[in-house]
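Just the one chain here, laid out as structure tokens, in the form predicted alone.
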Amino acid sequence: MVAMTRFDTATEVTPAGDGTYTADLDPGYLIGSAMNGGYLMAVLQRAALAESPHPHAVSSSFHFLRPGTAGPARVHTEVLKTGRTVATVRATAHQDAGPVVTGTIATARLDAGAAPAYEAPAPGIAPMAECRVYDPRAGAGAPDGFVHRVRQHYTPDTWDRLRGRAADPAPELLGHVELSPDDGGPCADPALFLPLAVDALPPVISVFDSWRWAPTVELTWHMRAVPVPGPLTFHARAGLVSDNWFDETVDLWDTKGRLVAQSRQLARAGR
């Protein structure tokens, strides 16, 4: 296996003037022939935060226009609003074929020590030691590719669902996700992992069939708290799968049990 580029480095953007940044999209975040959407969101987020006076992407909405490929990309940004508490930036990644993904990112500063006035309890999810490391996409990329960079630990019930052995094959995934130690482990800034983590899992409809690519049309995610370093606990599920469309909702908790991110996406069924 060749040496891997750390996620921190793989998502770097370089200023090119007039709100434009350059990036070199890392082939290690390909799934098949397309860049993972969460990786692309992380790249755009870094460009948006570079244009903002605030450090956190608290609300982000992305439209995926065409598959991204490994190699050079340009990210164009436009500051839509600058305020004392919130600044909003539009960022669009372009490659030779045209625009790949565009996002509108609202930025602010979250207090890492804030205590919630109310927080819904997290579902009971088995600890990582009781989970199985697995990814149904393991044969869809290079041997040093995505599945070796992002590690998923599935609960026993989820393992049964993905293997077609569950009595209740509901479109639901539970477990823990982390950057692989082979990829250098956690980011220096744990918040950088969040946009990747909300889109790192196989589609929830994988419980119905073997894994197939399911392109995301739109994904919105919210950062709810500043995460501490370490794996994130996830709960992913769908509310409706119909007419070759499905929704997917993902909640993430850090190792302190705090809800740190929530996402909702609309996607086409696997093909």
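Computed from a prediction, not measured in an experiment: that's the story for all the values here. The first residue of the shown sequence is 1; numbering continues from there.
There is also a form predicted in complex with a further copy of the same chain; it is not shown, and the following applies to it.
**Student:** Pick from 227 to 235, 46 to 54, 25 to 33, 60 to 68: which stretch has a heavy atom within 4.5 Å of a further copy of the same chain in the predicted bound form?
**Tutor:** Correct option: 60 to 68.
**Student:** If you check in the predicted bound form, is W213 within 4.5 Å of a further copy of the same chain, heavy atoms only?
**Tutor:** No.
**Student:** Does any heavy atom of T11 come within 4.5 Å of a heavy atom of a further copy of the same chain in the predicted bound form?
**Tutor:** Result no; T11 lies far from a further copy of the same chain in the predicted bound form.
**Student:** Is there a non-hydrogen atom of A114 within 4.5 angstroms of a non-hydrogen atom of a further copy of the same chain in the predicted bound form?
**Tutor:** Taking the distances in the predicted bound form, the answer for A114 is yes, it comes within 4.5 Å of a further copy of the same chain.
**Student:** State yes or no: in the predicted bound form, is some non-hydrogen atom of E119 no more than 4.5 angstroms from a non-hydrogen atom of a further copy of the same chain?
**Tutor:** It does: once a further copy of the same chain is placed as it appears in the predicted bound form, E119 has a heavy atom within 4.5 Å of it.
**Student:** Would Y134, R165 and S180 all count as contacting a further copy of the same chain in the predicted bound form, using a 4.5 Å heavy atom cut-off?
**Tutor:** Looking in the predicted bound form, the three residues Y134, R165 and S180 all stay beyond 4.5 Å of a further copy of the same chain (heavy atoms).
**Student:** If you apply a 4.5 angstroms heavy atom cut-off, which residues in 233 to 253 are near a further copy of the same chain in the predicted bound form?
**Tutor:** If the 4.5 Å heavy-atom criterion is applied to a further copy of the same chain in the predicted bound form, 233 to 253 yields A238, G239, L240, V241, S242, D243, W245, F246, D247, T249.
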